[in-house]
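Only one chain is given next, in structure tokens, and it is the form predicted alone.
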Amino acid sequence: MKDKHAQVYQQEASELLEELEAALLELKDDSTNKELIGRIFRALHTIKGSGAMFGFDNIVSFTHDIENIYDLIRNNKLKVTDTLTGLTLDACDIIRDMLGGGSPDASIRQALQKQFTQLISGPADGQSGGSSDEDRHEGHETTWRIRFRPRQDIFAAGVNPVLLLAELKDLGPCRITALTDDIPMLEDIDPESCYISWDIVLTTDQGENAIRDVFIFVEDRCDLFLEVIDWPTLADDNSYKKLGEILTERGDIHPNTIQKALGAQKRLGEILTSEGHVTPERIHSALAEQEHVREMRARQSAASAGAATIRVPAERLDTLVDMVGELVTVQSRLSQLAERIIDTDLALVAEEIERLTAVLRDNTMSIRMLPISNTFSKFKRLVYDLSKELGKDVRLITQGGETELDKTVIEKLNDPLVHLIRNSIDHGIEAPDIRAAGGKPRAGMVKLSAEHSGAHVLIKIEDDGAGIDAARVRRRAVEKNLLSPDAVLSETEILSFILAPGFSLSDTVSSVSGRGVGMDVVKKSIDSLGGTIEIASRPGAGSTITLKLPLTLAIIDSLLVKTGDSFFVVPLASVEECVELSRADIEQAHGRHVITVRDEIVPYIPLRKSFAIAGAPPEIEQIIISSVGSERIGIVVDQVVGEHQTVIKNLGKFYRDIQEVSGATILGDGTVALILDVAKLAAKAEAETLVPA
């Protein structure tokens, strides 16, 4: 069995690769964006560093040169180019293959590494500029070791070193130690000379230039030494270097002297001081650095702990949702029992449990909700690769990435969106020359957006291409015997033929499209999610495909209705209103299944007839007015019981061909209620001429 820690690394590295690809594609349009460059470097650094911990040595060796290149870019020693971006994206594919246990072709890997190595060994002159460490550390809390040794005549220039140290403190937490070992005997002191130097340990996010700016007017009157001793990617724990290591690094003592001193029983600082190797001030300075870094790391750990997340296997989350669903059912049964038994104490307990169950349900469902931004970001690479393959220049714009959807919906949404984006680029976006001739920018645009709409989410795929020729769609539908030549249809109805199985406007079959299966797959996938598709087109200006999806597929608010002895559930999100249907209304319609609601004729479906339920209907029936796409339709039932928290249960394989029902739920008394799929119920009724066309 694979080491669980290695599995965690593989999962985290996969997420980092997605983030890396998204940043790389953004960098193509903004090659000087230091935040993006920093994100890329940190992702590469983490993939390499963690890979070394879990035995992925092939990833470590392959990633090393790439990391170095982006370090050079951060330091302004190399510029971002389209070639470099493309090479790095290719490298992402190889790393992903290695993560999955694959062995990428050695010649391809070596050729790629050679290209990266050439970039490192030969950056062009003039590409570097400014201070490199400013770019490297600015924006990240970094701990610096600073040695400030003024020249003795610094006072003569009117400089007060204490004011410089005070200014340094404004940059962040710091510890300052005065070194007094150069102060001469009293009789030899010149009161106008400076004999003191300072060791400073500073933690700041301002970068090296900000530190040097403090000393900018005394650079020629001091010795200034700066060195990074700690920053987030180096801090794996709260420990820090030992005292002897710090003194050796500073050049205050020789390593051999440290080894001799370690043979004694006294503490190292006491030994070195008593033997005259270093002064007490230097020991104090080294201890101050040690304590400062320890405190800063502890603070960073505490801050990160406050925003920590816990990884939970999806199966456990699904089990939790199932158990909450069972609790909702039991709570409903308890509420019904409390209504039958006149007991104040029982009623109070039932109300409290109902309140707690509602809170638990909402919190559990919120755990399943994920921002759609992660899904959107994956498509940037798809657009990049497809644009190269088709010889087009296409930009992907995303909007509303913070919109949240149930994780189950998001998982099933990936394939439909892939098909839609591929179609937009292949069929919609014109070639650059054609666009330019038509007065459009050479680069095409595909926009992916999401927004909440009640209990639904609207996802739109827009492009600024040629649009969809409705007349051509109609001709192709007639050719395929999907439509009679004299049929009168609206443009929306004509465009909906694109979703028919085997329908395609392409005259040739390519590796991208033309087989007539893409949009059929999209429709089936969206139907399985309880969603709808709407197609709109603007000739010469582009097209828009809108997906309307439910927020969740686990527990929904619904309307419980009854016809005969059977209970049904209608999703509340699709319910607009309820109206009565009397015998007079039926006679007035002369046998047609329509009713006038606020001066609008609304067709309706008698549920009793659709499901062949025996018995006579009551004198006054109820019509549930629902929205199906842009249309309104009614469902006639005997009785509206009321609102209901519906825990969706899938039907078994035996019932998989029943299109009008999307699932079932268990009521509080154990009765099973079927969940109606209003859209498919309407489609079946229209096919059977129950609803007038």
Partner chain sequence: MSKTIMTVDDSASVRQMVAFTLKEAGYGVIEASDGEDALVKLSGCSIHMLLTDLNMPHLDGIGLIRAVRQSPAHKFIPIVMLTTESQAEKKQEGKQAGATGWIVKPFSPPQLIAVIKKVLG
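Residue numbers count along the first chain shown, from 1. Quick caveat, the model's predicted, so the values are computed rather than measured.
There is another form of the same protein, the form predicted together with the partner chain; it is not shown, and what comes next is about it.
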Within 4.5 Å, heavy atoms only: does R221 come near the partner chain in the model of the complex?
yes
Do A156 and the partner chain come within 4.5 Å of each other in the model of the complex, heavy atoms counted?
yes
Non-hydrogen atom contact L163 with the partner chain in the model of the complex at 4.5 angstroms:
yes
Report whether the minimum heavy atom distance between E315 and the partner chain in the model of the complex is within 4.5 Å.
no
Segment assignment from 163-171, 522-530, 377-385, 586-594: heavy atom within 4.5 Å of the partner chain in the model of the complex:
163-171
The single option of A111, I341, I367, I216 touching the partner chain in the model of the complex, heavy atom within 4.5 Å
I216
Among E352, E192, D105, E451, which has any heavy atom within 4.5 Å of the partner chain in the model of the complex?
E192
